[in-house]
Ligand SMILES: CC(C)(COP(=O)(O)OP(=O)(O)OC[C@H]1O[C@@H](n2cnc3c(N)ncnc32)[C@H](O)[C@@H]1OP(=O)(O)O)[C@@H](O)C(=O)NCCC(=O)NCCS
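Okay, so here's just one chain, in C-alpha cells, the form predicted alone.
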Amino acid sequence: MSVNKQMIELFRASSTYINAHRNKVFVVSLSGEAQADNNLANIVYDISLLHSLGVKIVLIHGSRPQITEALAAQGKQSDYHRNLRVTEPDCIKTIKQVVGGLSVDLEALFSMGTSNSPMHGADVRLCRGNFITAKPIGVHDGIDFQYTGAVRKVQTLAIEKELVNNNIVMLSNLGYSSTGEVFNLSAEEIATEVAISLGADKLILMIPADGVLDASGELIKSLNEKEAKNHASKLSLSGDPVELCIGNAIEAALRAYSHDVHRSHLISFKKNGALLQELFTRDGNGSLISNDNFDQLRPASINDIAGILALIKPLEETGILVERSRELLEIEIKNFVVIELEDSIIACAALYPISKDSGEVACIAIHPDYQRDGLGDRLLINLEKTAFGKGFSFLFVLTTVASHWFLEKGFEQSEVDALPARRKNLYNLQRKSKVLKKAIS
C-alpha cells in the first residue's frame, strides 16, 4: 500500500472515533516529568488537534521535578510522606513561582501559530482561574503536611461554562483556600476530582511508560477494576520511580472508576503520537482501565438505524445482502442486535421468526476494520440463544457467499422445500441463495 493510500485508509478508519469523541469531556493529567520531556511540543499539538475535533479539554499540569530542582538550588530539601511532598511555609513562594512559570510556558506552546507549525490556524484559547478550592491535608502519622493540600471543592459550573465557550481549561497543581491561602496539591488528585465532578467521559493520565505492563514486559491494553487493583498493589511496593508513577496513575484511575468515570487511559508522554493512536485507532497505544469490554453486544433500537444502514449498504450494493429501506428497517428493528464500540455500530445481525418452531438468521454485517475479531461468532451465538429462548427448534439461513462459514458453525446444506411455507413463498429464485439449516438445543 502506498504512503498516500495508507494515510487515506487510516484517516477513514479514524472517522468512527472522531464522531464518537465530538463534544465529549476529556480530563488530561500532564505531570511535571512530561513537561520536561522532549516530546512535550508534540503532546501540545495533539491536544490542540483533539480540541479542533470538538473534544472538550481540561488540562491539569504538575510540577514535582521542577519544584524539587528550584528548592535544591536554594539549598532546601523537601521531605516526603505517603508519596506527597511536605510543603513548608518558606517553600510556598518558590512553588508559586515555579508553577506560574510552567503555566505560562504551556500557554506559549498552545499559542504557536506560525505557518510552518502544526498549530497554524488552530486558534486555541486557554482559560486559567481559581477553579480548585483546597484544604490542608493536616497531620498524618505524626507528620504535619503544612501547606500541602487536598481538593475541597471543584468549581464545576465555572469550568463547564468555559468548555461551552470552546476554551481549553488549564489547571495547575495549586489550590486556593477560602481564607486566601495557596496550597500545593497533587496534580493527579486534581485531575481525578475534576473528572469526577464533571462526569468526564475520559480521564487521561500521561505516564513515562507505554502503559501497564505484564510480568514479561508486554503492554496490557485493557484492564477491569480487579486487574487494575492487583497491578496497583504490586507497583506500590516498588522502589522504581517509573513503576511508582504508573501505580499512582492506576490509583487515580480506580478512584475515578469508583465515582462513575469508567474510562481512564494511561498513555506514554515519551512516545510521539501515542495520545492520538490510543484515541483514534483500533489497536491503541496505552492501557485502558474500563468498566466494560471495548465493545458491547445489545438489542438494537430505533436510534441505531443510521449505523446499521451504513454497515449494510456496501453489502447491498454488491448483492451480498438484500436491500432494506429505512422504513422497512424501522419496522423490523426489534429483530436486530448490534455490537457498539465507542458509540458507533460496528456489527449487526437479525433473527426473524418464520414459523412457530423456526427462525431465520439474516443481515450479518461487520465493519471491515473488525472482521477478524470474532464478532460474527458472537452475533451467531447470541442469536442461537435467543432462538432457543423463543422455543425454536431450527434455524435457517439463506446466503449467496457465506455458506462455508455457516457450515463451519454447525449448519447443514438443505433445500428450498425445507423452508416453512411462509418463507418458501418469499424465496427469490433470481438470487439462488443456498439454504442451510441447523437444529438447536
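We call the rigid core whatever largest set of C-alpha positions still superposes within 1.5 Å between the two forms. For every residue, the number given is its place in the sequence shown, counted from 1. Model, not experiment: these values are computed from the prediction.
There is another form of the same protein, the form predicted in complex with the ligand; it is not shown, and what comes next is about it.
Visitor: Since the chain is shown here on its own, which stretch among 280-288, 226-234, 319-327, 250-258 would lie within 4.5 Å of the ligand in the predicted complex, judged by heavy atoms?
Guide: Careful reading of the contacts points to 319-327.
Visitor: Could you tell me if all three of L375, L398 and W405 have a heavy atom no more than 4.5 Å from the ligand in the predicted complex?
Guide: Checked in the predicted complex: all three residues contact the ligand.
Visitor: Using the partner position in the predicted complex, report whether A365 sits within 4.5 Å of the ligand, counting heavy atoms only.
Guide: Yes, A365 is a contact residue.
Visitor: With heavy atoms only and a cut-off of 4.5 Å, decide whether S238 touches the ligand in the predicted complex.
Guide: Taking the distances in the predicted complex, the answer for S238 is no, it never comes within 4.5 Å of the ligand.
Visitor: Within 4.5 Å, heavy atoms only: does Q371 come near the ligand in the predicted complex?
Guide: Within the cut-off, so yes.
Visitor: Is M112 part of the interface with the ligand in the predicted complex - any heavy atom within 4.5 Å?
Guide: Result no; M112 lies far from the ligand in the predicted complex.
Visitor: If the cut-off is 4.5 angstroms on heavy atoms, which of these, L213, A310, C127, L315, is the one near the ligand in the predicted complex?
Guide: For this set of options, the contacting one is L315.
Visitor: Do any residues of 407-429 have a non-hydrogen atom within 4.5 angstroms of the ligand in the predicted complex? If so, which ones, in sequence order?
Guide: Only a single residue, K409, comes within 4.5 Å of the partner.
Visitor: Classify Q77 as shifted (yes) or not shifted (no) between this form and the one not shown, where shifted means its C-alpha moves by 2 Å or more with the rigid core superposed.
Guide: The answer is no; the displacement is under 2 Å.
Visitor: Could you tell me whether the Cα atom of R324 shifts by at least 2 Å between this form and the one not shown after core superposition?
Guide: It does shift by 2 Å or more.
Visitor: Using a rigid core alignment, state whether the CA of L315 is displaced by 2 Å or more between this form and the one not shown.
Guide: The answer is yes; the displacement is at least 2 Å.
Visitor: So the CA-CA distance for S14 and L311 moves by at least 3 angstroms in the predicted complex. Closer or farther than here?
Guide: Note: Cα gap between S14 and L311 shrinks in the predicted complex.
Visitor: With a change of at least 3 Å, which way does the C-alpha separation between G284 and G374 go in the predicted complex: closer or farther?
Guide: Result: farther.
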